[in-house]
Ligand SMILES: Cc1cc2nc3c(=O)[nH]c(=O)nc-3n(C[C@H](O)[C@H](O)[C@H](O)COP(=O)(O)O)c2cc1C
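We begin with a single chain expressed as C-alpha cells, specifically the form predicted alone.
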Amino acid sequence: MPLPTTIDGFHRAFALVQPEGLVGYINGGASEGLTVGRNTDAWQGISVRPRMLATAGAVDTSVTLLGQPEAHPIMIAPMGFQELLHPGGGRLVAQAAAATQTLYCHSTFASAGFAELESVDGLHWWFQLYAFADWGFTLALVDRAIAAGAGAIVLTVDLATLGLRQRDVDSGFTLRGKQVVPCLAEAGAPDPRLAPMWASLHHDLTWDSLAEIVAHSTVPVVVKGLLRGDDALLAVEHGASGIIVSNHGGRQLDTALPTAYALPEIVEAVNGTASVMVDSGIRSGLDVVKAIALGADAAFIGRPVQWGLGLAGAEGVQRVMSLLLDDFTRSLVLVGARSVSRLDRSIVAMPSHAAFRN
C-alpha cells in the first residue's frame, strides 16, 4: 500500500489500521482533550509575513544545539512503548532518526534499551529522564545513559501526578504492566517491569532536585515541561542548559496554555542564557519555521512520528520526517530566509488573543 503523502494522511490512515484503544492512547489528551486541539490550532493561527527579494542561493537548515551541530532543527520527541505500534518499534524510530539526520530524544519508557541505541550508526540522541523515588537509581540511570552516548539529559518536570486520560478510561485501554522496561533493566533496577517502576516514580521534584541532577551529570541538562517565564528563569538559575516549552502534548492538564503562546514569554525571560526548544501540536515544517521565528532553537515532533511508526515501521517514520523536512526547507525559501539564522519575529504575526500575561 502506498504511504500517505501528507502528515494529515498519516493521521487518518493510522486511525484506520490501529485498534481504537491504541488510537485513543496515542491521540488523546487530558480530560476533554481541549489542549490537544488548541496546541495545533495555535500554531496554525500564527500568520506569516514573508520577505520578498530577500535572499538567494542554497538553503541552509543547519543549527547548533547545546554546542553541537545538527543538520536541521526538527527533533523526534521522547515517546514510550513504541513496541505497541510496531514490532521492534523502539529501535526502528532510532534508525529512522539516524537515516534522516534527526536528533532523537529517547524516553525512559522506550521499548529499546541503551545497548540497542549504541548499535545505531550515526545516531545523535538525548535521554529523557523520569526521576524515581530511589534517587540513587535515578542517578545511576543518568550515568548509564551518558555512558551509552546520550548528548544531554532531558528532565521531565510536568508529572507531579498523572493527568486524567479520559479516552483511555472510556475505552478501557491500559499498558501491559508486566513488560520489562529495557533502559531501567540496563541501569540495574531490581524489578524493571513497567508496573512497579511506574509506581515508584518521583512525584515531588523541586528546583533542588534539578540542581542535583545538573551537578551529577557530565552532559548538559534540559528541563522539559515549562510554560512560564518565571519557571524558565528558575530552571536556568538551577543549572539548566536548555528548556523545552511543553504541555506534554496536552496529555497532563487540560486547558493548559498552548506552547505557541507560551514560547515568546520564555524566550524573552531567558534572554539567550539557555537554549529554548518547543513541542506540542507541531504538524508541519512551516510550524517549525514559526517556532524558530518566535525564538526557539528547535522543535520536537511527537504524534506524527507515532503515526508513521504505527503505519509502516521505520519506513513510515522516515516518510513523516521527509515530509516535515521538505516542508521546512520549502517554507524557509518562501518566507525569504534561506537559512535558519535569518528567521526572526518580523516573519510572524501573532493573533491578538495570544498574549496571556499577568
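On a predicted model such as this, the values are computed, not experimentally measured, just so you know. All residue numbers are counted from 1 along the displayed sequence.
The same protein also has a form predicted together with the ligand, omitted here; what follows describes it.
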Q. The ligand isn't shown here, but in the predicted complex which of H72, H86, R91, R283 has a heavy atom within 4.5 Å of it?
A. R283
Q: Let me know the one among I26, A314, V63, A293 whose heavy atoms come within 4.5 Å of the ligand in the predicted complex, would you?
A: I26
Q. For the chain seen here without its partner, which of 139-147, 200-208, 112-120, 241-249 has a heavy atom within 4.5 Å of the ligand in the predicted complex?
A. 241-249
Q.
in the predicted complex, is there a heavy atom of the ligand that lies within 4.5 Å of any heavy atom of K224, even though the partner is absent here?
A. yes
(Q) Is A42 near the ligand? Define near as a heavy atom within 4.5 Å, in the predicted complex. (A) no
Q. Is G80 a contact residue for the ligand in the predicted complex, using a 4.5 Å heavy atom cut-off?
A. yes
Q. Would W125 count as touching the ligand in the predicted complex under a 4.5 Å heavy atom rule?
A. no
Q: Could you list which residues of 54-69 come within 4.5 Å of the ligand in the predicted complex, counting heavy atoms only?
A: none
